[in-house]
Ligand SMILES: C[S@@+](CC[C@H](N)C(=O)[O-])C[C@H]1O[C@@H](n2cnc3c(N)ncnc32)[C@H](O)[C@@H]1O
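Given as structure tokens, the chain that follows is alone and in the form predicted alone.
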Amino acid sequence: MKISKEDHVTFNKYWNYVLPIERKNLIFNILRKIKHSIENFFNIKIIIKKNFEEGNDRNSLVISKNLNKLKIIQLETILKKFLKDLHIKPNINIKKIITQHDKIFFGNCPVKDNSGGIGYNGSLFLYSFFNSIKPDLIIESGVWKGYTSYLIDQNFRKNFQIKFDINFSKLMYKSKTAKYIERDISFFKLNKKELNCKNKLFFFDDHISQYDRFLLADKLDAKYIIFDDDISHSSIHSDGWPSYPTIKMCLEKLDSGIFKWKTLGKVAKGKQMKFNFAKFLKKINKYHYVRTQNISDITGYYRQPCMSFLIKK
């Protein structure tokens, strides 16, 4: 498995970036290498303040109580349907959950800038889900700055947790009770105690093939599986490092052969994966599978790719 720890990416065997690369992107790559060289030489981190302030959900929010109340009423309906579609009957007050989530998200969260990670919309679905389940082992692959780890700790601080990433240098929050392993999850084997856990939760935000990750989680008898960025074939250009093929793509069963797309000046090429669709369908039908709804019009935060949630029936 080929990785680039400096760029925080693992190369995907199903697709790759190809030449030609546009001039502006070539210049960007040269500047980025210079930036990395300066950081390594002086042991510092260079942060562009403009990027910190723009596109950060925590910098823009509704203050008026009446507008917040309207937002909560609208979100309550969507979250209730989301949990119902997953066949969850939660004993929770959805309005209270939204309020609690907002205090966490806009409050004292140590990850103040989660650019490149999950924003408000995905965070709300995650928090609602976490408040409705009871996992006994939580495995997170793709930790980035640690925001989702912080969110997990709000519900499952005392639960056994394992965190995987190929590079933890971006961490702003580290769970005190979790076990951190700096390598790809595919190289790891659960011990007997971990394997015997009945309600394992796997959360994948590592931009590796979701098909491969699903097979891994299913093999390890997952009760709950979450995938970030479960995009379709037609929206593959929206993700700079897509988890190709995603679960949605596998279910689309598209026969396209080799195909190309362009992301911010970079041309990528992928090949339609050949797999036993009937066998995959048999496996995934053991789970309730739900992709999140776009709630940007209610929250005011830009739309991010759909997350998907699976619960074993």
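None of these values were measured; they are calculated from a predicted model. Each residue number is its position in the shown sequence, starting from 1.
Not pictured, yet referred to below: the form predicted together with the ligand.
Contact between F202 and the ligand in the predicted complex is not found at the 4.5 Å heavy atom cutoff. A residue is said to contact a partner when one of its heavy atoms sits within 4.5 Å of a partner heavy atom; G240 fails this definition for the ligand in the predicted complex, lying far away. Residue contact with the ligand in the predicted complex: S141 places a heavy atom within 4.5 Å of it. Interface membership of Q210, defined by any non-hydrogen atom within 4.5 Å of the ligand in the predicted complex, is ruled out.
Between the ligand and the residues D85, D184, D136, D221, the one pair within 4.5 Å by heavy atoms in the predicted complex involves D184. Across the options 188-196, 158-166, 97-105, 71-79, residues that bring heavy atoms within 4.5 Å of the ligand in the predicted complex belong to 158-166.
Relative to the ligand in the predicted complex, residues T10, N114 and I118 are all within 4.5 Å by at least one heavy atom.
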